[in-house]
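Shown below, as structure tokens, is a lone chain in the form predicted on its own; questions about how it binds or moves come after it.
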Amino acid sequence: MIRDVDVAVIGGGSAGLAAAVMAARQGARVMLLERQGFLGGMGTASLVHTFCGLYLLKSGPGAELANLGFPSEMAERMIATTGLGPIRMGRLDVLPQHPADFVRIADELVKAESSLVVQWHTEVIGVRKNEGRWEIDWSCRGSLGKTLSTVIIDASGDAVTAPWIGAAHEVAPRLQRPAYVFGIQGVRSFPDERRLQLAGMLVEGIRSGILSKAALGLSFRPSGRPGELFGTLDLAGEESGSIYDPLDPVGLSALEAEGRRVASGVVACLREMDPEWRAAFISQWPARAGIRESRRWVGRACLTGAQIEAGTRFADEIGLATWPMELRENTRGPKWRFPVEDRPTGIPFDCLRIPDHDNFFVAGRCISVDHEAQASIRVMGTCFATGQAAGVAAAIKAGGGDPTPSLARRIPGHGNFPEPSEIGIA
């Protein structure tokens, strides 16, 4: 089977969904290749249940969207579905989202675009260039196929195509630890004031030897649906007995098994210790553990942690990064680094482009940034923004244009980005 398209998007997470939809809306013939049976990536397959990075950092009340267009559309659709608006968590505004609703919203978005074809259950197994166009080899349950495309967008999260095309890429020597999220039902009540009590019960379970130390950082949050919670656990990433490598099948297999083991032990322990949990049970496992950081591209520009901290702005920025650097390099919780005066940081277009290939763009958590900046840009709200920009740029390029001079005016809401002078930057 051979398909011929203008734009091929590899990976249907937050960035890939945004890229595919926006490229199609620009008139391109688009094919989206996704290994799962649904879209949404970390927000669905890994059950990450909040949209972070949608809103500007601010000390006062009232959440304000940072990036318009696809990010704001996703926020509006999710709020209309769940009935839940943004909530304040310390200095941050986040939007609760439910993975099941995210799947349905994504289905509606891609169905509405007649020039967009989604191919689920598809693993890309090779990419090469032939006479200026891209040949993409893929596999579906033993069946092999090929897609020919004028432009590629790698939104895989792991920069999976970089080794195949011989492009520069890197893996940080110390990575953000992975998350493991699971669904729970049957808890009679879960008021906020009981969070500390539950944490104390987990400590007691660890001291008594019932639970392993891996359970120490586990947290619970209501899903917004009656009787349902999500449990979130940070794993060490070294469960296989070797250095954490999110690209290694042995290590990934150990992650999944450890996440299920710890989660099962915690729920069983709380059933014994807490009357409110007597009927609790695990109702949903993630399709895969939540990998926060792995391989990423070395692009034409590299956004740094120092630039995030300073709130640096750029002439070619295609969106704003507003989430602070959420460093999770161990299992003891996040270490936060906020930008000066809560300034947003511009994301340069060249972070989405790679050397030597004008018809190749990247989006999502694997764009060209350093380890510390990645702790900011990896969140779903920002991935919507980089995916949106990559999709528009790819459509322009596939149509024979140069995205560099025209991209800014084609990104919805680009003209509404706060100017440096408006946010206190001279």
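Nothing here was measured: the structure is a model prediction, and the numbers come from that model. Just count from 1 along the sequence shown to find any residue number.
The next section is about a form of this same protein that is not shown, the form predicted in complex with a small molecule.
The partner is not drawn, yet in the model of the complex one stretch among 396-404, 354-362, 56-64, 28-36 has residues with heavy atoms inside 4.5 Å of the small molecule: 28-36. Contact check for Ser156: a heavy atom falls within 4.5 Å of the small molecule in the model of the complex. Looking at Glu228, you'd find every heavy atom of it more than 4.5 angstroms from the small molecule in the model of the complex. The small molecule is not shown here, and in the model of the complex it never comes within 4.5 Å of any heavy atom of Ala390. Contact between Ala20 and the small molecule in the model of the complex is not found at the 4.5 Å heavy atom cutoff. Think of it this way: in the model of the complex, the small molecule has a heavy atom of just one of Arg292, His98, Arg313, His169 within 4.5 Å, and the residue is Arg292. Put simply, of Val124, Leu116, Leu198, Leu109 only one has a heavy atom within 4.5 Å of the small molecule in the model of the complex, and it is Val124.
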